[in-house]
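Okay, so here's just one chain, in structure tokens, the form predicted on its own.
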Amino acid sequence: MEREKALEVVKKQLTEHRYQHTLGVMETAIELSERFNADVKKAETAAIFHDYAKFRPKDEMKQIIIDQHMPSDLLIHNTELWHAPVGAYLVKTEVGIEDEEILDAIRFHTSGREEMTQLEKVIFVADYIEPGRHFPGVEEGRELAKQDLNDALIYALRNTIMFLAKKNHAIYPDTLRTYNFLIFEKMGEF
């Protein structure tokens, strides 16, 4: 799907603020893809659609998780995780994108997973560091992303885990597994 058509489709699903975020993620994903040898077109598409389900009603997302036999542990964790796997499903069924690499980049952009592809890492990090993001530490994440995608991903995961822990929120197991996998990989354990 061409960029303008994709943006037209996704804009109908988002608030203006979230649409601007999506544009920032798209541009960042393109830059990261070029820098770290990921498929630029797939990154562009995944970035455009990464928040496709963000504003769907919680009841609708919950029912899709149940009906599509998505991991049931999603239902006991923060509902902010839901839009990623539900979004991948809806992008496939409503938009007609069937490329599993693109769908997986959407599916795992909030939780991560062990053995993430380069494309999945690009979308995760682009979502974290896009220019519209303003929070303590985002600049360090941006600097890391100029040099090493894995280091930027580890940084984003660590900050997310610490943020959730400080708020006494449960941490989704895939997020912890992703962080641990990357740390062990960096140490040469994998």
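Heads up: residue numbers just count along the shown sequence, starting at 1. Worth saying up front: this structure is predicted, and the values here are computed from it rather than measured.
The following text describes the form predicted together with ligand DGI, which does not appear among the structures shown.
- Taking Leu23, Ile171, Leu182, Val9 one by one, only a single residue has any non-hydrogen atom within 4.5 Å of ligand DGI in the model of the complex, and it is Ile171.
- Contact with ligand DGI in the model of the complex, judged as any non-hydrogen atom within 4.5 angstroms, is confined among 135-143, 157-165, 63-71, 30-38 to 157-165.
- Taking the partner from the other structure, ligand DGI in the model of the complex has no heavy atom within 4.5 Å of any heavy atom of Arg107.
- Mapping the unseen interface onto this chain, Lys92 falls outside it, with no heavy atom inside 4.5 Å of ligand DGI in the model of the complex.
- Proximity of Gln13 to ligand DGI in the model of the complex falls outside the 4.5 Å heavy atom cutoff.
- Contact annotation: Arg18 falls within 4.5 Å of ligand DGI in the model of the complex, judged by heavy atom distances.
- Using a 4.5 Å cut-off on any heavy atom, the residues of 55-86 that reach ligand DGI in the model of the complex are, in sequence order, Asn78, Glu80, Leu81, His83.
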